[in-house]
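We begin with a single chain expressed as structure tokens, specifically the form predicted alone.
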């Protein structure tokens, strides 16, 4: 197998960009850096480069910015189709940005309530859930601290796996990674730094990112189909023509690279392509339901879950933003199944389970709904990254530049904050600093 140095030695003059037979995209000034993707990582990288006095141009396939951070207001109240929680609030850079720019930030202190069909369970009845959740946490922590790069579920004892409450805890673990714990590395998960509780932004996390993006030059509706890179710089092929620069920051989801949505010429080094395959995207889909009046058991916002023997149920965030909108969360296999059945079927599924808990008023007063479909989104292919068992270290591979021309960014490259918008932020800062270093060497 060729290593990176051998691959680069084979580029030579053949990698020159001037000879590509494609018209060039007109620009006010030729950028020094191309940023591919206007999600959180790409926007942060572009803004950091601008602060350094480096001209950067962002190319975005969608007709909007934000990537997987997108606030929808079509139900009369803002709700996040993608990123929702500000995790690790003590060290999350978006917390400071929100406060400095007049965004209200609320701690997630929502009560978590279980139902057995229509019966709301009390604290004594759910003590088993708390006990097994704490045991799972201890067992995962033990395996991660020992450096075991095994499936998370393989780190659990038979006593834990046999507990009647384990399927419900398993569903919670699935929500965190977007995939069932039989499929992700406990060592990778162990590296995430959770410093401070979770918070939410009533106006929407996507709204916050859109505020941050003001002033950044972004060409929307401009999907990149090929990135040519080599000794003379980089060039991105788009339907509008060719865009050239000296360095590219590629801020696309790992799945987009792994599936070949963008072709690299020459091909990426094998270890880099493999790292993208080792970091697939898990799934968390949302179903938002608007009601004509409050059909919920409280005026306060709560999380409601029905107890299922196999754990395969939805989690419902009621009274979102004090409104009559409820948001249902479906992770992992359940999310894939609901998405495959279509939006109308997903909404019906969410209504049926909610009505089983809360009664007939749910259907009587239902107004309208929306459902996300991140797995089939051609520019995302999922929600957020997880690491396959036995492949720990893939994230660090993607923090190293390729050929002095390409820098990768995105939540999937941020070991201590993967799967989050603050991970995307940190990766954008890193990528901008790396791009500046490459420009100085070129």
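Numbering follows the first chain given and starts at 1. It should be emphasised that the depicted structure is a prediction, and the values quoted were computed from it without experimental measurement.
What comes next is about the form predicted in complex with a small molecule, which is not displayed.
Contact with the small molecule in the model of the complex, defined as a heavy atom within 4.5 Å, is made by all three of 38, 60 and 69. Interface residue remark: residue 421 is counted as part of the site for the small molecule in the model of the complex, having a heavy atom within 4.5 Å. Under a 4.5 angstroms non-hydrogen atom cutoff, the small molecule in the model of the complex lacks residue 297 among its neighbouring residues. The small molecule in the model of the complex comes within 4.5 Å of a heavy atom belonging to residue 286.
When the small molecule is considered in the model of the complex, residue 272 lies well away from it, no heavy atom lying within 4.5 Å. 83 is the sole member of 249, 152, 83, 279 with a non-hydrogen atom lying within 4.5 angstroms of the small molecule in the model of the complex. Listed residues 87, 305, 228, 320 were compared with the small molecule in the model of the complex; 87 is the one with a heavy atom within 4.5 Å. Residue heavy atoms within 4.5 Å of the small molecule in the model of the complex occur in exactly one stretch of 45-53, 386-394, 372-380, 400-408, and that stretch is 372-380.
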